[in-house]
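In structure tokens, one chain follows: the form predicted on its own.
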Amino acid sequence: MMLSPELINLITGGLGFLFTLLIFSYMLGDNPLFRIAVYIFIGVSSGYIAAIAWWQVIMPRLVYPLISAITSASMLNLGVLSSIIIAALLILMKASPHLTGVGRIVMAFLVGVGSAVALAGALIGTLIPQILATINAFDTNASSLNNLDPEMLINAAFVLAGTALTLAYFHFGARPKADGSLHRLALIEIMAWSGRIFIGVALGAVFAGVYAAALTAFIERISSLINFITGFLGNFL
């Protein structure tokens, strides 16, 4: 039996209304209703991720290529895919306390590769673009600085100061004192203290953005509740 679009909309709207109330019940404190909603959300999300991983990663990138390598007798592809399967099995052995040491080699390889990718991403995606942006702000060949606009020069000075002072805050070089304590140079301390201001402003802007996004989601949920109630009452009254 096919469900009508109106009935499907009513069911999905009712579920959304119910789960919204369950999540909002957390305002009264941690309670079983909120936990039920969280458990269902985690379970559905885990199942969805598992299905995506199976049908879009494991099957097309491992199972199908393995079958193709076996049928075509390609020893190179078969060896590569077999090593991947062995590595996956070794990682699964970490679920057992007695066999957890077997998968350390694979985990060490994954951690090393992940660290290298994260470091390269931080350099290429954050540090180097920030350095280039700071340099380009003082590029006299840029069109914005051809007329020596004071506003652009002030903005460039703020970018340079923010970058230098923020990096100075993370300068951990220190000299030991006679009593065993550590201290940095006075200039570095002053720059680090000034860098806290830029870090505070940046974190404040990030928090404001997160708060605005959360407030937008909250307003959307309230609007959804109102629309569902008015639509439900309109259909039955």
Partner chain sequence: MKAFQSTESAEPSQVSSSLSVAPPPKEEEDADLDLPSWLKAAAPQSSIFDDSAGTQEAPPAAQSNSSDSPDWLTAFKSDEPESQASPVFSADAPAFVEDETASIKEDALFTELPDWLSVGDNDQPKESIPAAITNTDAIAPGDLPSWVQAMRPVDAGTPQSASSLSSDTTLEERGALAGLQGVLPAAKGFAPTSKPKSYFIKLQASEEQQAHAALLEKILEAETAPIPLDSSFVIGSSRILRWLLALVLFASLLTVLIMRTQIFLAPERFSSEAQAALTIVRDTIPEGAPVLAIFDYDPSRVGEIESAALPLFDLMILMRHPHLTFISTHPMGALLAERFITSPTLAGHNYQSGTQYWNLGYLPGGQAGIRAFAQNPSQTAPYALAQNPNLLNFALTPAWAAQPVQEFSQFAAVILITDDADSARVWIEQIATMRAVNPLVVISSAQAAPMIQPYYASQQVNGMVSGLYDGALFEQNNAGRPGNVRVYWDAYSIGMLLAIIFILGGGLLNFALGLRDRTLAREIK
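Predicted model only: the values in this text are computed from it and were never measured. Heads up, when I say rigid core I mean the largest set of C-alphas that superpose within 1.5 Å between the two forms. Residue numbers count along the first chain shown, from 1.
The form predicted together with the partner chain is left out here; the points below concern that form.
J.: Identify which of 73, 135, 117, 99 has a heavy atom within 4.5 Å of the partner chain in the model of the complex; exactly one of them does.
T.: Of 73, 135, 117, 99, the residue with a heavy atom within 4.5 Å of the partner chain in the model of the complex is 117.
J.: Can you tell me if residue 172 lies within 4.5 angstroms of the partner chain in the model of the complex, counting non-hydrogen atoms only?
T.: Heavy-atom contact with the partner chain at 4.5 Å: absent for residue 172.
J.: If you check in the model of the complex, is residue 209 within 4.5 Å of the partner chain, heavy atoms only?
T.: Flag for residue 209 set to yes.
J.: Considering only heavy atoms, tell me if residue 150 and the partner chain come within 4.5 Å of each other in the model of the complex.
T.: Residue 150: no contact with the partner chain in the model of the complex.
J.: I'd like to know if residue 61 sits close to the partner chain in the model of the complex, meaning any non-hydrogen atom pair within 4.5 angstroms.
T.: Result yes; residue 61 sits at the interface with the partner chain in the model of the complex.
J.: Which residues within 106-125 place at least one heavy atom within 4.5 Å of the partner chain in the model of the complex?
T.: Heavy-atom contacts within 4.5 Å come from 117, 118, 121, 122, 124, 125.
J.: Does residue 212 shift between this form and the one not shown by 2 angstroms or more at the C-alpha, the core having been superposed?
T.: Residue 212 C-alpha, core-superposed: shift of less than 2 Å.
J.: Tell me, please, whether between this form and the one not shown the C-alpha of residue 84 is shifted by 2 Å or more, with the rigid core used for superposition.
T.: Moves: yes, 2 Å or greater.
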